[in-house]
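Just the one chain here, the form predicted on its own, laid out as structure tokens.
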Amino acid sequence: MEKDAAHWIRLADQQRRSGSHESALRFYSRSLELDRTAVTGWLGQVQMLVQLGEYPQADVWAKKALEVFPQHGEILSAGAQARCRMGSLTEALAMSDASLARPGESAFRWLVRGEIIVAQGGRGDDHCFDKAQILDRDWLVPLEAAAACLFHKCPAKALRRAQEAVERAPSSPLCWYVQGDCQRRLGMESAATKSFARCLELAPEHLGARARLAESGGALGGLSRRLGRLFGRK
């Protein structure tokens, strides 16, 4: 049976939730090869390019998507996020304004608005992130807010959102990993140890968590070695 665009979008979502953004990007792109009108494919493609740090490419694809879906609220926000990551805050804010002016509401529009405020060093990001989480209870919302705050070197803001993601999805290795990364950046070594260890309990092959433990040395390095022996690795 031939796989349709929806099949590839489902696979992309699964990869996104595991933190495999490159695979998610590939699957979103595959969905567009089958259906150029799949707005979720366009949006996901731009979002994954942002997560991968390919901001100019994300900007290009947001523009292409807007040619297909003029003034689409979520795609405007995706473009705004790309501009924000490139430091073009005036343009990002204008696109976010246009996005919020479109009919309807979405968590992603408010998530991006919160990120722009964080990038500007202003106040009001909590209101935006909280509103996003009210609109959508998916744990990806606070987790991607945390990632945005980390990008803008605000680990304390990021930790709050990562903790909320862990509360919503305690079985997600990615949530524990991001929480550990926030704690590590804040110098909370003991808490980071526990978060990375929990990540490895849930996903023994998680390379990021193993690397964080190993590079920290001392107690963290010892824990990494003990976990390696526990799971049959040197």
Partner chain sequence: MQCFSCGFNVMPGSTACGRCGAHLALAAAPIPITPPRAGPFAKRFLPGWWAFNRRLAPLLLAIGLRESALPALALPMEVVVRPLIGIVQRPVSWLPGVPFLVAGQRAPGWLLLAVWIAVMLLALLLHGLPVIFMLLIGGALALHAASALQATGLPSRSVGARLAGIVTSAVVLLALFYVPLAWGAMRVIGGSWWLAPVYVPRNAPPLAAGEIIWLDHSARPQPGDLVVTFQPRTLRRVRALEGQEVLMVNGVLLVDGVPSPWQSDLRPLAEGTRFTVPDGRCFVLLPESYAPGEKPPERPPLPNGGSDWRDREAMVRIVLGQREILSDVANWLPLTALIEGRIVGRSYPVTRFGRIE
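Residue numbers count along the first chain shown, from 1. Not measured: the values here are computed from a predicted model.
The same protein also has a form predicted together with its partner chain, omitted here; what follows describes it.
Student: Select from the listed residues 185, 168, 194, 30 the one whose heavy atoms reach within 4.5 Å of its partner chain in the model of the complex.
Tutor: In short, 30.
Student: According to a 4.5 angstroms non-hydrogen atom cut-off, is residue 40 in contact with its partner chain in the model of the complex?
Tutor: It does not: once its partner chain is placed as it appears in the model of the complex, residue 40 has no heavy atom within 4.5 Å of it.
Student: Would you please decide whether residue 163 lies within 4.5 angstroms of its partner chain in the model of the complex, comparing each non-hydrogen atom pair?
Tutor: Flag for residue 163 set to no.
Student: Does residue 152 reach its partner chain in the model of the complex, with heavy atoms at most 4.5 Å apart?
Tutor: Because a heavy atom of residue 152 falls inside 4.5 Å of its partner chain in the model of the complex, the answer is yes.
Student: Mark residue 85 yes when one of its heavy atoms lies within 4.5 Å of a heavy atom of its partner chain in the model of the complex, and no otherwise.
Tutor: Flag for residue 85 set to yes.
Student: Could you tell me which of 172-180, 203-211, 185-193, 65-73 sits within 4.5 Å of its partner chain in the model of the complex, going by non-hydrogen atoms?
Tutor: The contacting stretch is 65-73.
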